[in-house]
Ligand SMILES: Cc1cc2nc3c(=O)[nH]c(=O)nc-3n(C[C@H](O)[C@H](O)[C@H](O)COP(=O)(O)OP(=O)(O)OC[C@H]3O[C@@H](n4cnc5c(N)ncnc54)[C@H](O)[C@@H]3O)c2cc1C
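Before any questions on binding or motion, here is one chain by itself as structure tokens, the form predicted on its own.
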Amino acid sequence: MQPVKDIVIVGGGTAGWLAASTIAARHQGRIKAGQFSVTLVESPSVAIIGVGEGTWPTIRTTLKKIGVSETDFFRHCDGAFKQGGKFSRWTTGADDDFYYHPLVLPQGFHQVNLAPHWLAANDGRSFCDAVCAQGVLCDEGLAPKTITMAEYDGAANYSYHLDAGKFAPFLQSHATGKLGVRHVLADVIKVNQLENGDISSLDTAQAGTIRGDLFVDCTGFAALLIGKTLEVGFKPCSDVLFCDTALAVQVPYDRPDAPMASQTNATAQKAGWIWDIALPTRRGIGHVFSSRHMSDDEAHSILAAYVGPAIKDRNVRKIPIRSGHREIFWKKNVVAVGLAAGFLEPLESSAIVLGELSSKLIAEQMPANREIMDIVAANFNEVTSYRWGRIIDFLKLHYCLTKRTDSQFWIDNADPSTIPERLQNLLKVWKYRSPWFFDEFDRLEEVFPAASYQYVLYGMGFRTEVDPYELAVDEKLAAQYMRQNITSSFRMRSELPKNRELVDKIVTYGLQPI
């Protein structure tokens, strides 16, 4: 049987280096014994796209597992804390219309579902504030931990905002310096295949022929191996998610010590939304919109009005978005990760987390030999297809619950014909039963768990009918957790530092190593 021991990753952006680091870290023993190799081939003439400045909390586990110091991450990637998303003007479009999708679970989530109790109380508090402290922490610009907490520990769950242009080189340095990943700077000029369709090797302009047993396609939108060579089709979802263009700009702060938000701000517009991500040295701002509903010029005007005078002389980059994914993600001995696998608009920061989860699955399910690879590939395709489908559902949820009718974009988004059937069915169920962690979300690694659906549903005014007789079963327990949340919110507000203050301290003094 032909063993799988030489892994070749093509493409050196965030996805490529995350895949290389994750696979190499998982198979360190075999690499050190000379029984396994990870090679990353990167074109010296193709610039990385640098997609993704927002992450999901999984990134902490990923960085920890590959052996990265959290202090080094902050020092080298212009990192900042992210505690969720603030969605403004998505429901009614009014100035006071907003809700949070925080990163913590509601209090006691695994013991009691607080949603029906909050619905029954109807006391004017937002769902987020009633069940967790994180919305308040975001309102006050607080960090999720203190300088005395160890790396990757936190008082509240968190992820990061980062500079994508610095993150990939940071991972490259770690992968080549500490994990034994071989880095080859070369342009692929020919892909060589066996009679059965497997890829056997790559001919490169600068480094000769590079052979491998398993190839990971991280070539971005080019999809050199999975698309151009193996001809795996692309499955668009533009009939569900309409946004297909982004205008992005980097904006400096007025002063070095300006407050730094600890959440991604997503403000709905006439035909899309504007992201606003705070890094220590600048803000990353972008207008995502549907070109079927708005021209580039109008989109630019809206972006300029949001940014203000600071947009003058700034470079506004236009980024096309082709929403969708590959029909399958692993074919023959090629598996696609990152943009080669697909892309969705950046709402909820799904790009990097999908790359993380795919890399983790490849590393953990690495086939021992070619004979069993097709079985592993079938499982990978089933899991990954499920994840893409659920993310599309979740993103659509933000649009289809709107009550806005001020533009055709929002009217079209609420049209049932544009809502996936699974999501339509869940919305029908949720009219009578609030989503909870073990109802419709039974996978071990749901990208967006039932709690995420609760925050969006009830943040946007969705109502679930509540039977008062059913509440009696766990009424006392629910009240206990509601009170516990008030106490916890008060304590955390008094103990946690400002987001910028903590990031500055970490860069200067460092966190306690694990």
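Residue positions are given as counts along the sequence shown, with the first one as 1. Here the structure is a predicted model, which means the values were calculated and not measured.
FYI, the form predicted in complex with this ligand isn't displayed, but the following is about it.
How about Phe343: is it within 4.5 Å of this ligand in the predicted complex, going by heavy atoms? So Phe343 counts as contacting this ligand.
Is Trp118 near this ligand? Define near as a heavy atom within 4.5 Å, in the predicted complex. Close contact is absent here: in the predicted complex, Trp118 is far from this ligand, nothing within 4.5 Å, heavy atoms only.
Evaluate Val46 for contact with this ligand in the predicted complex, applying a 4.5 angstroms cut-off between non-hydrogen atoms, and reply yes or no. Flag for Val46 set to yes.
Is Ala15 near this ligand? Define near as a heavy atom within 4.5 Å, in the predicted complex. Residue-level check for Ala15: yes, a contact with this ligand.
Which is the contacting stretch out of 301-309, 184-192, 170-178, 234-242, given heavy atoms within 4.5 Å of this ligand in the predicted complex? One stretch meets the cut-off, namely 184-192.
Does this ligand, in the predicted complex, lie within 4.5 angstroms of each residue among Trp275, Ile319 and Gly338, using heavy atoms as the measure? Each of the three qualifies.
Listed residue (Cys128, Cys138, Ala266, Ile352) with a non-hydrogen atom within 4.5 angstroms of this ligand in the predicted complex: The option sitting close enough to the partner is Ile352.
Heavy atom within 4.5 Å of this ligand in the predicted complex: which of Pro420, Gly220, Pro435, Gly227 fits that? Just give me the one. None of the others qualify; the residue that does is Gly220.
Using a 4.5 Å cut-off on heavy atoms, what residues in 237-252 are near this ligand in the predicted complex? Heavy-atom contacts within 4.5 Å come from Ala246 alone.
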